[in-house]
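The chain below stands alone and is given in structure tokens; this is the form predicted on its own.
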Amino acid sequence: MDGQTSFSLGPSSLTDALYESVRKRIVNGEIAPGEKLTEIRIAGEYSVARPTAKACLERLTALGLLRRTAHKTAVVPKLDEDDIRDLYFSRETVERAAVAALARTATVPQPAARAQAAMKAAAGDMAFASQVEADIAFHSALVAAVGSRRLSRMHEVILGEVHLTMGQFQAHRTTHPMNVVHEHDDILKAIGDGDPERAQQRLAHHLDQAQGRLLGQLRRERSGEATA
């Protein structure tokens, strides 16, 4: 289409590649909160069939990265303070259960260790997008290692919105990236030491810090809007 940006997709499954590309654009803020995404738009931008575009939008909606309006249009949501508090309450409930289970057998999942290594590298390079991806991979690996399909499904939905907040508020930028790395190290050490209580405490501290950064950034944005 004339004047329209075209996006190419990787060699993986077309639906998966489309989902991943649109997800990254939402998370990175390229597709802004409040912006509408339609089947026609996605089909045109990526040169895919509308059923493929529809499947992508449905998947993004199921994971909380899009919401349907009263007219059923998919829109990138803007989370408020109540949303963030509820999100982190749910997240902590699931992840505390996961780290406690892992610590009882002193099991440090290798995928979590690899994600942590990637996060350290990204933090050293000050690569924000890579840091966010590694952070999500770290927490996903902890829950996946428990081996509970139901717990993992709940966590997948929660992390969709967590990822959304990272892109919208970019709260990682409000602290030195190595601070988050050190918090992850503390969680892994407690798990490896076989200490469920300390693992839960380190995780709760880590999530409390993350929630605080998000709420602080949200309040700064509100203050800026009020004085504009």
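Superpose the two forms; the largest set of C-alphas matching within 1.5 Å is the rigid core. Here the structure is a predicted model, which means the values were calculated and not measured. Residue positions are given as counts along the sequence shown, with the first one as 1.
As for the form predicted in complex with the DNA, it is not shown, yet the points below apply to it.
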Output flag, 123, 159 and 176 jointly within 4.5 Å of the DNA in the model of the complex, heavy atom basis: no
Residue contact check: residue 48 to the DNA in the model of the complex, 4.5 Å heavy atom: yes
At the 4.5 Å heavy atom threshold, is residue 14 in contact with the DNA in the model of the complex? yes
Check residue 52 for me: does it contact the DNA in the model of the complex (non-hydrogen atoms, 4.5 angstroms)? yes
Wondering, does residue 40 line up within 4.5 Å of the DNA in the model of the complex on heavy atoms? yes
Within 4.5 Å of the DNA in the model of the complex, counting heavy atoms only, one of 180-188, 40-48, 199-207, 25-33 shows up; tell me which. 40-48
Just one of 73, 90, 107, 148 has a heavy atom within 4.5 angstroms of the DNA in the model of the complex, so which one? 73
Hey, does residue 179 budge by 2 Å or more at the Cα between the shown form and the other one once the core is superposed? no
Return yes or no for residue 107: a CA shift of at least 2 Å between the shown form and the other one, with the rigid core superposed? no
